[in-house]
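Read the single chain below, which is given as structure tokens and is the form predicted on its own.
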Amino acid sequence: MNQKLNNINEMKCQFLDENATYDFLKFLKGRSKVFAPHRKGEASYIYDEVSDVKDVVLQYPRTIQPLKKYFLPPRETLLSFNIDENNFTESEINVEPRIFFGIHAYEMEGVMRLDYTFEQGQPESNYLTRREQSTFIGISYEPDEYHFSKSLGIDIDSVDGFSLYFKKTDNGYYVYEIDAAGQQLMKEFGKGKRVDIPVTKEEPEFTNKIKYHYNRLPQIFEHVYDSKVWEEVAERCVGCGTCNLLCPTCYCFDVRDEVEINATEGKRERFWDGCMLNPFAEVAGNENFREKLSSRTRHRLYRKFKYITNKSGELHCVGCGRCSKYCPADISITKIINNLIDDYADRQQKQVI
């Protein structure tokens, strides 16, 4: 995987006050389409294309859906077909430059996890094509009670994948130039004030934490496959699949052929799918390999902390907290992990005795 770039203090930096930051957004809009966080209702946020820069929210906790929706759409037509003529036409994907502004570090890490997934084996061309000509501009944030990316090795100021990084200060933003593309953007914008040694605050404290160092988690999952924790979680879980569908690194989908009412024309479409949904593991004959909620929950977490990690070397949970924040049963992923750690520690203690 790409080497992480964490030492922003060694990077060139400029200062923009809040008004200049919105001027910078106008400048970006003059170059290409720009997507950024917007308010959705009274307490929620979404990524959306920027029409009026004043609608962009610079400080927000998280969006409802992850950034992956732009590269792996929730619903996508793969091809159209005609049964009478026995032919089909694949859907074309038009690639154009896009700038994604105001992205948190964990969100960027989620995109890079998907990059790894779709580059393996037979590369997924639709996803990879949409990833072309994408520029990402990061921004700092204040962690809330659901964020736990720090426990997974993702600092607020992790800048891998970004071209620019906006770090909040009292009266504006320090803008760090991460790569050549970012340097060129700031040069063309021309309104920043060069800062030699930025004075920054200490990184905010994360209140939501995992008990063990993240490097130990794959080892923990080697010993908790039959843990009582899975049944305890299943007693509360309703199997709605929200945790799957809002996860920035989940990538499973279902493919269906839908025939029009004329029984001649149709489309092949794919939809987001998830292992927490009951039909996900169904096969012919009404058999289901993971019929119980406990086994589905276990599979979901093993995908995040064990199975893919064994191949990629990285955890495939990024600590965004969406699954906990939006769970209708108020199930916390960090509590699950910490309970598994406690169960593991108890087992180890009994072996010693």
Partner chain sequence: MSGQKPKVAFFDFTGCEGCQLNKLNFENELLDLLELVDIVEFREAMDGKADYYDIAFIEGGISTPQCIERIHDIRRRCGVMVALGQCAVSGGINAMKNLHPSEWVQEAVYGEDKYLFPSIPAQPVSAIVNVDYEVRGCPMSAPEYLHVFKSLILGRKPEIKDYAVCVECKLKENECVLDKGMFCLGPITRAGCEAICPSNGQYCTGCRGPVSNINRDGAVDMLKKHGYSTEEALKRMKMFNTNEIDKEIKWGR
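Numbering follows the first chain given and starts at 1. Nothing here was measured: the structure is a model prediction, and the numbers come from that model.
The following text describes the form predicted in complex with its partner chain, which does not appear among the structures shown.
Item to complete: Have a look at 67-75, 181-189, 150-158, 215-223 and name the one stretch with heavy atoms inside 4.5 Å of its partner chain in the predicted complex.
Response: Single hit among the candidates: 67-75.
Discussion item. When the contact criterion is heavy atoms within 4.5 Å, does K29 count as touching its partner chain in the predicted complex?
Written reply: K29: no, not in contact with its partner chain in the predicted complex.
Worksheet item: Any chance L164 has a heavy atom within 4.5 Å of its partner chain in the predicted complex?
Response: No, L164 stays farther than 4.5 Å from its partner chain in the predicted complex.
Worksheet item: With the cut-off set at 4.5 Å between non-hydrogen atoms, does H316 touch its partner chain in the predicted complex?
Response: Outside the cut-off, so no.
Practice prompt. Check whether T207 has any heavy atom within 4.5 Å of a heavy atom of its partner chain in the predicted complex, and answer yes or no.
Written response: T207: no, not in contact with its partner chain in the predicted complex.
Worksheet item: Would you say all of I46, C237 and L246 touch its partner chain in the predicted complex, counting a heavy atom within 4.5 Å as a touch?
Response: Every residue of the candidate spot has a heavy atom within 4.5 Å of its partner chain in the predicted complex.
Worksheet item: Since the partner is left out here, which residues of 309-332 would have a heavy atom within 4.5 Å of its partner chain in the predicted complex?
Response: Contacting residues: K325, Y326, P328, A329, D330.
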